[in-house]
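Have a look below at one chain only, the form predicted on its own, in structure tokens format.
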Amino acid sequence: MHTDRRPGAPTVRAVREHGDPALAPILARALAHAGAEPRATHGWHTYPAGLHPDAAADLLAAFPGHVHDPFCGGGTVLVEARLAGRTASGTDLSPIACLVANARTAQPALASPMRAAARRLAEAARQRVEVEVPEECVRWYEPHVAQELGRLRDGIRAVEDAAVRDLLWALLSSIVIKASYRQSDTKNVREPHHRPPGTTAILFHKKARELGRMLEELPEGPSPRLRRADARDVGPPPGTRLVVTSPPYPGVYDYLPMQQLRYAWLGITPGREMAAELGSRREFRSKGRAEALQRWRKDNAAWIATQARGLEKGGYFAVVVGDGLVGDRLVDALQPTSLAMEEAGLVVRARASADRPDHAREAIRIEHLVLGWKPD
């Protein structure tokens, strides 16, 4: 049987609409987008399970005002807001997410100094100077590759301009998985292979040139307000008219161990907050389905209530969430999300549901886009 294996989200099998006949088709179109979208900075730096850029663009076009994404991840909604000339803000619990989102929405003026600094660092990284390698990284790299990464890391630490330094850290983050033995960002499987000496430094400089070109094509305008925060505790800024987000699907990913190599190379301590990430797969495995599901429903209701409180009256609240899959059993995400929105004082105006192939598990995962409205 033929399956769609293109990069990006798989093609949906079917989309169902419910609710307001003027709004439901907008949600259905947004949910149906598939494949990869390389425009702007979306294609730079992998980040798992992001909202499709065209879905974000559709929702921004349909609903005006300042937009906030409380699970901004790699910054998809923030990039689309920048392209649309909209003011935007975002939060995320993950320091890696904040680093990537900041780089994807950086000012074009930073492109030139970032490229110049990356060129100097890449040249220095090819010099044979022994540096320290994090212990947890040793088994994941050829020795000369680890040394090049370590020299890049040490060079970044010495950069004085904080804005340029942040972009350089994001550049390093973008190559640490590709240069490793790890199978992919989402598969923590070791697959040894040879990478010729010098090519890791070259890759770093190549990614700098790529990001620089992308940033220079972004329109002028204010950068989104971005901060590291827990969506259960920190809501949108005053004046927010639209919340657009895609929270972690229950029991699907573990963002903490997924980023272990990046934390080590960038010298980031994720903190106790990441241990409590929403709906993590390890929680479903360690606590059992019933207890983990109860915790996820409580956390899901908490973040929705916090964001709804900060939303302006008359504003809209769009959530893309997929059913979880623990073992061979589905975890319904639609009913708890819709109920939590209603309990938070929102009116669920419309929703759409799509059947999307999950090739990794040879199953169908149902994704939902639920639209709430805060009464005037």
Ligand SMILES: C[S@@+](CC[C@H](N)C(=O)[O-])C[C@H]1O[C@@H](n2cnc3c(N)ncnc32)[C@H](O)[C@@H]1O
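If you're wondering where the values come from, they're calculated on a predicted model, not measured in any experiment. Residue numbers here begin at 1 and follow the sequence given.
Another form, the form predicted in complex with the ligand, is not on view; read the next lines as being about it.
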Inset, instruction - Using a 4.5 Å heavy atom cut-off, state whether Pro70 contacts the ligand in the model of the complex. - result: yes
Legend entry - Phe63, heavy atom within 4.5 angstroms of the ligand in the model of the complex: no
Legend entry - Partner proximity in the model of the complex: Glu277 to the ligand, non-hydrogen atom cutoff 4.5 Å: yes
Inset, instruction - Look up in the model of the complex whether Ser246 has a non-hydrogen atom within 4.5 angstroms of the ligand, and give yes or no. - result: yes
Legend entry - Stretch from 195 to 203, 284 to 292, 90 to 98, 160 to 168 whose residues place a heavy atom within 4.5 Å of the ligand in the model of the complex: 90 to 98
Inset, instruction - Decide yes or no: are Ala32, Ala55 and Gly324 jointly within 4.5 Å of the ligand in the model of the complex, with each residue judged by its heavy atoms? - result: no
Inset, instruction - Quick one: from Ala231, Val145, Ala118, Ala103, grab the residue that has a heavy atom within 4.5 Å of the ligand in the model of the complex. - result: Ala231
Legend entry - Contact assignment for the ligand in the model of the complex, among Leu330, Leu339, Ala49, Val347, heavy atom within 4.5 Å: Ala49
